[in-house]
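The chain that follows stands alone, in the form predicted on its own, written as structure tokens.
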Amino acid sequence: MLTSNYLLLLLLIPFVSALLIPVLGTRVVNAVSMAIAGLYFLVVLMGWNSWNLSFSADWYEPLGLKYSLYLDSYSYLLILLSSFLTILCLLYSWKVVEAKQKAYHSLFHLLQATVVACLLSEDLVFFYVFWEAMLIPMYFIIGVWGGPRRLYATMKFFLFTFSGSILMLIGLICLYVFFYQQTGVWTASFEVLREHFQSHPLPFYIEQLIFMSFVVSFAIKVPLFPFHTWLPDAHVEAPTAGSVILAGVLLKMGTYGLMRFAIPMFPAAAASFATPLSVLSVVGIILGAVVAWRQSDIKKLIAYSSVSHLGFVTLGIFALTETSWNGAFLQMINHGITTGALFLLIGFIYDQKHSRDIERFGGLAKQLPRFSLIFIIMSLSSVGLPGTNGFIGEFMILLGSFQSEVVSKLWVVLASTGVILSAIYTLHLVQKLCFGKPAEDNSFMKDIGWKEYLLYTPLVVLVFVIGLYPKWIIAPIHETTSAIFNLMPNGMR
């Protein structure tokens, strides 16, 4: 039986790792970094079915600030996904990254540490500090090891996300001060604030303003249309492993923030904005798919596909039903698995040909049959083919959204067209890359070997394990979803 000290272990291991790696010898840094990442993944696995743990210690008592941590199935599954993808990223980078290896590995562990701190935070100030801290390692990962336009991409990424964070800070200060004015006590505890403002509500227009200050910050991170323009540049310029973590984990922090903090804090305000936010989600689904279809850069195509796929997630969230929330969270995990795999696969051929132009490939099914098979499997998962993980998540989102009392069925029908558009641009990519006529000689390219099998096999297995037997992961998701909805007024279901 795990105790609350387990939360400290989850928090401290990646922070200590980030400090330890710079003092290692260059020859052993890859092996030690991988070993620590593997050990951390095993530590995370120990926590399966042991969530609902909490820990609290004073941070600055005069202002009511605490190191307040809480682990539920939402945060646990995202920590598990983060630790899993970090192993794959470090394994991929073993031979690819040769410059500044110690800094590179240290930043990856620091990024994981800040993500875990955000996911465990119950105190909103503690959450905000590490929400901002996440920017730092990702900024340097893209800015130092990225592509030719990396400085432009990092500045755009930083300015977008930092601007949103300022709005969140304003909303947080409002909550903090209003609570003090009503009670004479300082606190930033999410649960204390939520319970208080549900029993002593603020004027509704103030609730709406505070809610939207959080929503805009989280929407930029997702990113929700029209805040999505930073993402394609960041993905194109990021190193392969940076794109995997960005798509697989960091984008999910925005949707996690909506589900964990913004909507449970002010559910009535969420319901009042459900229609416009759902419309933005549908626009993102359709626009992201159409723009993805017209891309010639494979990475940019996958980046716009993320805008479309995460539009389904936000639609499920703003539909405000338990079924749509279960599907939305499952699709967050699915997107991390599938899109992470696609970025790793594109990185594999880019490292050989140093091009991401679709027109420069073709006929890879003959030259690289093993690569093509895995690429097709992951593409079909992205499309949502029955039997794969993508189908389960999208089906639950659309089903739950049809049951919604706050979102029109018209918008759900329009969102469904995104499934068709997804099939069009994804199968177009598969045809061009694997079966099209080669634009030039690809005979020098090598197929995947044992190292790549270590990368892709776990991801392929997860695609089918979730797709064919999703109960094992839906059950813990439903546990937290039900707990959140049971605390909402009028039993919003």
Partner chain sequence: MMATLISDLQLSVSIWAWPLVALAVVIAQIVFQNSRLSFLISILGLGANLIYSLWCFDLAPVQALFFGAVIFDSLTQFLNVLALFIALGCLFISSPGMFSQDNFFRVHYEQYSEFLVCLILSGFGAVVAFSANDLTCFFLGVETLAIGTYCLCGFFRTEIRSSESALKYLFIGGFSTVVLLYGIAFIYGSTGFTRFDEISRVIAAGDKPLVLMAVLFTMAGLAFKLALVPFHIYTPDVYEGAPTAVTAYLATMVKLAAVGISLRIFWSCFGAVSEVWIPFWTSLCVASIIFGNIAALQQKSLKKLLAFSSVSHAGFLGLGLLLADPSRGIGFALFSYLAIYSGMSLGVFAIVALLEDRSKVFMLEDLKGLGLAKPLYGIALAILVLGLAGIPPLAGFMIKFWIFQQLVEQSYFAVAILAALGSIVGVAYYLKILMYLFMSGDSDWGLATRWSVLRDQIFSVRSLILAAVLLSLIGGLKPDFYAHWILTTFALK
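Positions refer to the first chain, counted from 1. Since this is a predicted model, take the numbers as computed values, not measurements.
Missing here is the form predicted together with the partner chain; even so, the following discussion is about that form.
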Note to self: Taking the partner chain as it sits in the predicted complex, is residue 163 in contact with it (heavy atom to heavy atom, 4.5 Å or less)?
What the structure shows: yes
Check: Going by a heavy atom distance of 4.5 Å, is residue 94 a contact of the partner chain in the predicted complex?
Finding: no
Next item on the list: Answer with yes or no whether residue 41 is in contact with the partner chain in the predicted complex, where contact means some heavy atom within 4.5 Å.
Entry: no
Margin query: How about residue 450 - does it come within 4.5 Å of the partner chain in the predicted complex, if we only consider non-hydrogen atoms?
Written below: no
Next item on the list: Among 335 to 343, 270 to 278, 300 to 308, 180 to 188, mark the stretch whose residues have heavy atoms within 4.5 Å of the partner chain in the predicted complex.
Entry: 180 to 188
Check: So, 125, 128 and 170: all three within 4.5 Å of the partner chain in the predicted complex by heavy atoms, or not?
Finding: yes
Next item on the list: Answer with one of 82, 154, 217, 321: the residue that has a non-hydrogen atom within 4.5 Å of the partner chain in the predicted complex.
Entry: 154
Margin query: Between 233, 207, 72, 132, only one gets a heavy atom within 4.5 angstroms of the partner chain in the predicted complex; which residue is that?
Written below: 132
Check: Out of 142 to 162, which residues reach within 4.5 Å of the partner chain in the predicted complex, heavy atoms considered?
Finding: 143, 144, 150, 151, 154, 155, 158, 159, 162
